[in-house]
Ligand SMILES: C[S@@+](CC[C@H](N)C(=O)[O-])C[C@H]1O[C@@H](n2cnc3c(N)ncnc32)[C@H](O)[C@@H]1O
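Take a look at this single chain in structure tokens; it is the form predicted alone.
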Amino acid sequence: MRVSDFYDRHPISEQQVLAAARRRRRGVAGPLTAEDLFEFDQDHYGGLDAVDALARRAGITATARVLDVCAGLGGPARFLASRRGCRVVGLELNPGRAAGAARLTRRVGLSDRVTVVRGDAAALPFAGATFDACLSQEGLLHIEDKAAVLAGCHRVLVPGGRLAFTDWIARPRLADRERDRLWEWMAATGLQTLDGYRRLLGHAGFTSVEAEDLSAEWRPLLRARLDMYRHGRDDIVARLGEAWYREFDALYTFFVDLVEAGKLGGGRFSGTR
């Protein structure tokens, strides 16, 4: 499956985020704010705490220029701009998600601090030494040439700038047929191990490389995400259809089972330019 196809049919969408925020705000006067979206627009694992953890590792301050690679709907970018006061560029390949990220950002009045650029993470469309920090959350799993992404991040960072990201990692028991199914379902390609990412970061020129295994932390989050999708069944069926929902439920259950069986996990990585 192409990654654009996967996210065109993803259950977390601009419309779903807005609908959930409006339900929560029912009866509250005033315009929608970034804070209203935060419970619903973080399309990654660990919520706001996970964004904060990466921001700390990347040393993000109010004066930082930040690149969010594979930014999706822009939830982390808006959170960083709102809470830390920095300026963020969100790079997103999928046209629908890039447009949705820009619309959500305008709606909550953060367009002066968050810019959305449609582009390829494996060929970053920015000049060298442009950013103080690069972040990414569970986006690199869709990119075969991970070395190109990391080399690009190294190029666009200033000397001393920091990269911090999370991604799915393969465990030794993950079988080829399971890798194939992950590709067919969610465009997961070239899955790395913890040591594999350490080597790639070193080859890209990063120093002070750290790699943390988040698998135990992510297991209950995956189960909770599956429960969330099931509780939102009616909304998803109304938007995408019964057949799609049944297929997604079966495949996401397969995904959760891989994590709970110790075949697939998560990692957090960082390094200095």
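Heads up: residue numbers just count along the shown sequence, starting at 1. This is a predicted model, so every value here is computed, not measured.
What follows is about the form predicted together with the ligand, which we do not show.
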- Using a 4.5 Å heavy atom cut-off, indicate which stretch of 140-148, 170-178, 99-107, 193-201 touches the ligand in the model of the complex. 140-148
- Is there a heavy atom of Arg57 lying 4.5 Å or less from a heavy atom of the ligand in the model of the complex? no
- Message: Given that the ligand is not shown alongside this chain, does Asp52 nevertheless sit within 4.5 Å of it in the model of the complex, heavy atom to heavy atom?
- Response: no
- Determine whether any heavy atom of Asp36 comes within 4.5 Å of a heavy atom of the ligand in the model of the complex, and answer yes or no. no
- Query: Would Val66 sit within 4.5 Å of the ligand in the model of the complex, counting heavy atoms only?
  - Reply: no
- Task: Using heavy atoms only and a 4.5 Å cut-off, determine which of Ala121, Ala133, Ala81, Val116 is in contact with the ligand in the model of the complex.
- Result: Ala121
- Task: Taking the ligand as it sits in the model of the complex, which residues of 91-115 have a non-hydrogen atom within 4.5 Å of it? Please list them.
- Result: Leu91, Glu92, Leu93, Asn94, Arg97
